[in-house]
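So this first bit is one chain, no partners, the form predicted on its own, shown in structure tokens.
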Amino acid sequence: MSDKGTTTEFRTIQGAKIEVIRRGKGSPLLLLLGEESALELESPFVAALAEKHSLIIPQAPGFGRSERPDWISSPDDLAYFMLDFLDAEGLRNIPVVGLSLGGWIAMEMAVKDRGLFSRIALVGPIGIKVGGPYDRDLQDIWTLHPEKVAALKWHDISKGKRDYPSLPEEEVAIHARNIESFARFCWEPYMHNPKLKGRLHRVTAPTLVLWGENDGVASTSYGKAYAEALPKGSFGVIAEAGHYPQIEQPAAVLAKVEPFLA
């Protein structure tokens, strides 16, 4: 399928069909979407990236229109699946942009293969434990009232609203499935791999970590600790943005990501 320079195809990896979106022109760039993949695909941030890069956007198993094999139960499994995808594509030593859950997957991939990525840009990545055993690093978004969750996720909650009655049934089903898969993969341990932080020393590529100043899911101190755990990590804050600054402040995020990738 093709639409305005975007092509969508399905590739079979380890017996599972996944949706692969390709968009733009220029040097190859792997884009690993987060749990808000539908909004991210429509965002000016992704559109702007496509003006300078040939985006390779594999929808993780369980997200978008990708199948979800039973053997995948964690971001660690997702990382191995994505490594197989890159092998099938013949891609190596390329830059990657990872968004929230996509950032976690990128880190799981990077610690497994040091030469995989040339540069890594992460926006609101999750996946590590930075505090003690009784410290709440990440808010429990599954047990709070939806209005409270929206206030934690967004600086401007209107950015995350959807008019579900007007959406095609297939899009509503994809959104529901994305939420289900996110919960399935990140429920236990809650939104982190206890071993990942101790492995981040293996990430040798320069890594930029960006954080929304008003992120209520995880504070800027969490993001800073993430960057400090990386040998070549740097950290930046995006004003007037929550957990998804790439959606709320696309120009500000792009202004930091593009020079870093260049």
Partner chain sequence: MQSWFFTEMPYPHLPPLNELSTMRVTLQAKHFDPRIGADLYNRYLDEYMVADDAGLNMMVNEHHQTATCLDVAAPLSLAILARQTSKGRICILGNPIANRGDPLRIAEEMSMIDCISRGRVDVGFVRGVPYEIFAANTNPTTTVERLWEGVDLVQKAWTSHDEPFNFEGKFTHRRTVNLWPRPYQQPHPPIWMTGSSDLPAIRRAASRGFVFATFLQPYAKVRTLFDAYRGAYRLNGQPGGGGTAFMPLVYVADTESEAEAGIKELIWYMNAPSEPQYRNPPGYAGVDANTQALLGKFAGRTDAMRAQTLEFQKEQGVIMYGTPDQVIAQIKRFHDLVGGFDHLLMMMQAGFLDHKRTCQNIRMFAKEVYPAIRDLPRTQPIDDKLAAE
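Please read these numbers as outputs of a predicted model, since none were measured by experiment. Numbering follows the first chain given and starts at 1.
The same protein also exists as the form predicted together with its partner chain; that form is not shown, yet it is the one meant from here on.
Contact annotation: residue 135 falls outside 4.5 Å of its partner chain in the predicted complex, judged by heavy atom distances.
Contact check for residue 158: every heavy atom lies farther than 4.5 Å from its partner chain in the predicted complex.
Remark: residue 84 does not count among the residues lining its partner chain in the predicted complex, judged by a heavy atom distance of 4.5 Å or less. Although the partner is absent here, residue 172 sits close enough that one of its heavy atoms falls within 4.5 Å of its partner chain in the predicted complex. The stretch among 114 to 122, 76 to 84, 97 to 105, 140 to 148 whose residues place heavy atoms within 4.5 Å of its partner chain in the predicted complex is 140 to 148. Taking its partner chain as positioned in the predicted complex, the residues of 176 to 213 that bring a heavy atom within 4.5 Å of it are, in sequence order, 176, 177, 179, 180, 183, 184, 187, 188.
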